[in-house]
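What follows is a single chain, given as structure tokens, in the form predicted on its own.
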Amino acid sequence: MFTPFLHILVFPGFLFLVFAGLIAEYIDRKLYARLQNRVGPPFFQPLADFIKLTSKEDIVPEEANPRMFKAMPIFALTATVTAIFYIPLWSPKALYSFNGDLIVVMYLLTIPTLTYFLGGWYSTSLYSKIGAVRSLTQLFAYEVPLLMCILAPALLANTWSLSEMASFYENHSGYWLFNIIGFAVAIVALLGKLEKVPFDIPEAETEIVAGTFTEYSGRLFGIFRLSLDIEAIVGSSLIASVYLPFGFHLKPLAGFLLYMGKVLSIIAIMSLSRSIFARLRIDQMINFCWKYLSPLAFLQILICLIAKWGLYR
């Protein structure tokens, strides 16, 4: 009777994602610092930052819409936590799966970006509105190639279920090689979704202070930051289940350790990209996604369709 509540609140739900998200933030910041020849933060810094934010006062701007201003961080956190239940982690079977859960996960991972837009827009601050518009503009740039490159492996597996996709690639171990292009596109698109360098345009501190989050403080800002950390874990878990579908046959502990290794490796790849590239302008980001990422994602679809024809003919 209490098992579903344990799954939602403890494992693999909220508490696990909070812990994993803080670890991912530490690894991201530490590796980024070391690549720049800096020491970086201690291991407890992400947790200390979150505790500090939760202990501060929540200040709502006088002209802001208080209901929308306060509700958006909760919506962002709820959507990211919910998505994890439909993704295979260390076994080919997700906690809750059905045919079509792939679309649901993509939808849930789109909601945080919409909350950034609405939170910034209803803050009524000029900087927040500029950041909000940039967040929404980026959404239309990276979301198309991300969706296309996630759907391509689903076409080859002939299913819209992430669990059935994991089972297919586990039984056809060589077919994941057809998805290498999509893996690269997904990593770049995830950087845009998480608004990390070089796609940190909506919160460019040298231009618009903190963008969408300029007027946020205290617990509300802490929840937004936590939702970004959890979204990094969930997005990396999605990419790992689709493009790194191996190790599902291992025992639970070994499978879990391998799952964490795959997720943290994807986090490390994104940290490396932060140290290599500089921030793009919003028009450069849009041009890059539509001129390069989308054609590559379409190429991935063609490769999977040809491989599917060879498999099922």
Partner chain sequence: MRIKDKIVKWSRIKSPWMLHFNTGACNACDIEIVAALTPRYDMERFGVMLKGTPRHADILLCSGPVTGQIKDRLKRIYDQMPQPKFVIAVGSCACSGGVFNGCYNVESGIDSVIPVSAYIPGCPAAPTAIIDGVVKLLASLEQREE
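Positions refer to the first chain, counted from 1. Fair warning: this is a prediction, and the values are worked out from it, not measured in the lab.
Although not depicted, the form predicted together with the partner chain is the subject of the following passage.
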Check each of 250, 68, 59, 269 and return the one that places a heavy atom within 4.5 angstroms of the partner chain in the model of the complex.
-> 59
Which residue among 158, 217, 78, 137 has a heavy atom within 4.5 angstroms of the partner chain in the model of the complex?
-> 217
For the partner chain in the model of the complex, the stretch among 113 to 121, 205 to 213, 174 to 182, 230 to 238 with residues bearing a heavy atom within 4.5 Å is 205 to 213
Spell out, yes or no, whether the shortest heavy atom distance between residue 257 and the partner chain in the model of the complex is within 4.5 Å.
-> no
Can residue 221 be called a contact residue for the partner chain in the model of the complex at 4.5 Å between heavy atoms?
-> yes
Residue 53 within 4.5 Å of the partner chain in the model of the complex, heavy atoms | yes
Given that the partner is absent here, does residue 48 sit within 4.5 Å of the partner chain in the model of the complex, heavy atoms only?
-> yes
